[in-house]
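Just the one chain here, the form predicted alone, laid out as structure tokens.
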Amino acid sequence: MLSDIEIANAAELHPITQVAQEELGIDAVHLVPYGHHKAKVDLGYLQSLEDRPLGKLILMTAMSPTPAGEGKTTTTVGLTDALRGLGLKAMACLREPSMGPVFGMKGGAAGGGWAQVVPMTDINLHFTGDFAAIAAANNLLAALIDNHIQHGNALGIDVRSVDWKRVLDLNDRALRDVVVGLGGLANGSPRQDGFDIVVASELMAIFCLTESWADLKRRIGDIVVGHTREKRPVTARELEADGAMAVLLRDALAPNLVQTLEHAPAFVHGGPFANIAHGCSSVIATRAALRLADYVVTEAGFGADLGAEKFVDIKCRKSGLRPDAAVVVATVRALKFHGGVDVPDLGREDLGAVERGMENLERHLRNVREVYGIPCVVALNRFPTDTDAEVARVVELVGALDVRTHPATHFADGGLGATDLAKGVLDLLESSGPSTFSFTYPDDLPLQEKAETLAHRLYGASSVTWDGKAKRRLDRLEADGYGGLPVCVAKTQYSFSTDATLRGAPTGHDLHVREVRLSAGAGFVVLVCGDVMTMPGLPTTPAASRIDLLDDGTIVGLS
């Protein structure tokens, strides 16, 4: 079979103006084209659709992944193509890939095989410049903070308290902790600083949760950059940074329209990581898609303990959006991995490991159905190494939980390979009773109790423990009036615990919080757990070593 990039490079794409008109009824005058095959949709036009009814929202989530991932984006694309193939008006909403994993370990994030969004190389690299705009706005604020301190510090900022970091959209561990302002008085005041990856920044979260230009500027103004010596929070608004930052993000806020290999429309907009940030594409894109299509498939990053939880407890809580159904992606490989099989041996048939690994999928299904209250089906993303016996056993085991499983081959067969999955989702939407959707915890719980509720209800943890500095920071946030915000747990995606080596469905473990960060503009509190890093490093052999430019300008090696 051809590689992902070979398939994408050979694809015959329709002009994006044609996709917009034929699939969504959007005239070319409402598009801002970026070449022939990608465009932004004018925000003014999208605001004119406010009276339209919303379509059905289908949330794509997954069991805890293996290091290679389980094909959640690929399944999102395959399901969208399959729904369109059944004659329905369907659209996908996806996150923009970060160049950190593109050049790091994971590779790109535009789907795979015959279930991709295209132009794949553009989407995985600079795309329409959204991430560059977010980085520029973020780093403008960092520069204004140091400039304010340099020129007299009228607000009395305690330089030791500044926690607004600079950002870069690449993995670079050497930038996690740095000292700025060296070289004498003309270069500013020396202080400890650091870099996050763009997708871990509060500004990315703000970008994906905002509803309008006015809301964007308000949220930016609410950003807390540090404190005075008297412990009073200092905001971006007080630094008069909100207007200029909003200007840098004005054009980026319009959602990006692209297409699948089968020409279904897709919004690809925003991209917070799910193990570090809240892991969902923009509210603006999701709401616009629901007004333009009858069925919208949107993805939340990693497993249902991360992306789906944050979709529910942050994105839905803030926006009022509600999913009508969920699809939980599983693979035989992941089941065997959580059943104790090491990665090199995942291609061998092992029914016992499949059965043992079911405890991971079972807990995710319980969380989706009983904690979030979302009806769901399982999409079994089939790999060539999966045997018929293994697939049949998964269907049987999941069926015993009163959930239907739909094996799918969209990677190899495109939308046709996800037709049974699409019919299963439609059956679920038709048969589901009144909504039982619920948040994991209420707004009025104190921050510590919110963390404990997540740990007990979703992760199977027995307790939550805190570094002393993290607990003091949590108490200060409660005292400063931020206790009503939801929490965003930053932890490993490979386990329900904070230990990536604990597979399956561990119980009785501790959720240890080593750092607490306030994202006042985004409207949540980040709890950094375990060894998760907000600036990842590169692996021993990074994906960058496989990526190249041929003499004729063709890009190769992206996956």
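Values in this document were obtained by computation on a predicted structure and should not be read as measured data. Residue indices: 1-based, along the sequence shown. Definition used throughout: the rigid core is the maximal C-alpha set that superposes within 1.5 Å between two forms.
Just so it is clear, the following notes concern the form predicted in complex with another copy of the chain, a form of the same protein that is not shown.
**Q** What is the one choice in Ala133, Val464, Leu447, Leu458 with a heavy atom within 4.5 Å of another copy of the chain in the predicted complex?
**A** Checked against the cut-off, the match is Ala133.
**Q** Since exactly one of Val343, Ala154, Ala214, Ala400 fits, which has a heavy atom within 4.5 Å of another copy of the chain in the predicted complex?
**A** Spelling it out, the residue with a heavy atom inside the cut-off is Ala214.
**Q** Specify the contacting stretch among 264-272, 125-133, 78-86, 368-376, defined as having any heavy atom within 4.5 Å of another copy of the chain in the predicted complex.
**A** Among the candidates, contact is made by 125-133.
**Q** Do heavy atoms from each of Leu144, Leu182 and Gly243 fall within 4.5 Å of another copy of the chain in the predicted complex?
**A** Yes, each of Leu144, Leu182 and Gly243 comes within 4.5 Å of another copy of the chain in the predicted complex.
**Q** Classify Phe411 as contacting or not contacting another copy of the chain in the predicted complex by the rule of any non-hydrogen atom within 4.5 angstroms, answering yes or no.
**A** No, no contact at 4.5 Å.
**Q** With the partner left out of view, is Asp172 within 4.5 angstroms of another copy of the chain in the predicted complex by any non-hydrogen atom?
**A** Result yes; Asp172 sits at the interface with another copy of the chain in the predicted complex.
**Q** Is there a non-hydrogen atom of Gly35 within 4.5 angstroms of a non-hydrogen atom of another copy of the chain in the predicted complex?
**A** Yes.
**Q** Is Ala20 near another copy of the chain? Define near as a heavy atom within 4.5 Å, in the predicted complex.
**A** Ala20: no contact with another copy of the chain in the predicted complex.
**Q** Using a 4.5 Å heavy atom cutoff, which residues in 522-543 contact another copy of the chain in the predicted complex? It's fine if the answer is none.
**A** Result: Leu538, Pro539, Thr540, Pro542.
**Q** Determine whether the C-alpha of Glu12 shifts by 2 Å or more between this form and the one not shown once the rigid core is superposed.
**A** No, shifts by less than 2 Å.
**Q** Core-aligned, is the CA shift for Leu538 between this form and the one not shown 2 angstroms or more?
**A** Comparing forms between this form and the one not shown, the Leu538 CA shifts at least 2 Å.
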